[in-house]
Ligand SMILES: Nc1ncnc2c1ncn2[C@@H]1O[C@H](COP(=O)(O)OP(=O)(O)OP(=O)(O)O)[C@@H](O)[C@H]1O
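First, one chain by itself: the form predicted on its own, in structure tokens.
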Amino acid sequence: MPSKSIKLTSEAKIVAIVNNKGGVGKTTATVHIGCALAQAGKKVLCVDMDTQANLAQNFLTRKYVNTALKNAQNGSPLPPERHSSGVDILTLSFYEATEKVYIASIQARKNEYDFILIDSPPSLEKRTIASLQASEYILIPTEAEQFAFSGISNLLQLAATYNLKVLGVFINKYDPKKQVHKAFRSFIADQFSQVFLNDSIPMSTVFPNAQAENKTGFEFYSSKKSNPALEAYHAIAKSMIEA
């Protein structure tokens, strides 16, 4: 087990968004919670710590990220990029450094924002450890499926190791019409009742359709009617503000 890190006080709430399993919608959650916080009037920085750079590509164009940003990285962290949503994006995906340098790169921005959200890799490696060490809070997205939530207990133990406050565990891509989803949701809510967030994110075509047009779900969905998935992200953002 990694050693505990020393937490620095900061004005921003620095939040590691973590799940060791890939495909649980962690990046989508980071993007849309960040947008929801910005819509609530908060100054937000989203940090891409994954070498796949999916978060940066969600906000910016794939070509720009994989050519201009990758080429400009050149061994040093780049300044944040401003997105039309009001969210700033710090891309560390192509920056190879030590845990200590990653932590310093993130915490150097702590007085500039209300929230810093870190999209960490889907494995417990150097970048994920740095994400946890840089943070004061942890938020855990999962799915209503066996393998997606099996590591939650380990993540909560890591949170305790790093003295992180748990903002919650929530379910992504939830389909209430599926009995297996309903059963697993009930089980997760019971097993992790003290940290479980009731605002599950329902399955929605908004997110893949938005990504196909290089937009966030909030940009893509222009209907005057509310969208349950986007409203659920608003609810989670509100709970983070109030925490």
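For every residue, the number given is its place in the sequence shown, counted from 1. Since this is a predicted model, take the numbers as computed values, not measurements.
The same protein has a further form, the form predicted in complex with the ligand, not shown here; the description that follows concerns it.
Contact between Val24 and the ligand in the predicted complex is found at the 4.5 Å heavy atom cutoff.
Taking the partner from the other structure, the ligand in the predicted complex has a heavy atom within 4.5 Å of a heavy atom of Pro122. Using a 4.5 angstroms limit between non-hydrogen atoms, Pro176 is distant from the ligand in the predicted complex. Although the partner is absent here, Asn214 is not a contact residue: none of its heavy atoms lies within 4.5 angstroms of the ligand in the predicted complex. In summary, among the residues Gln191, Asn198, Gln52, Asn66, the only one with a non-hydrogen atom within 4.5 Å of the ligand in the predicted complex is Gln52. Every residue of the trio Thr28, Pro202 and Pro208 has some heavy atom no more than 4.5 Å from the ligand in the predicted complex. Here the chain stands alone, but in the predicted complex its contact with the ligand, taken as any heavy atom within 4.5 Å, falls in 165-173 among 68-76, 93-101, 124-132, 165-173. Shown without its partner, the chain has no residue in segment 57-80 with a non-hydrogen atom within 4.5 angstroms of the ligand in the predicted complex.
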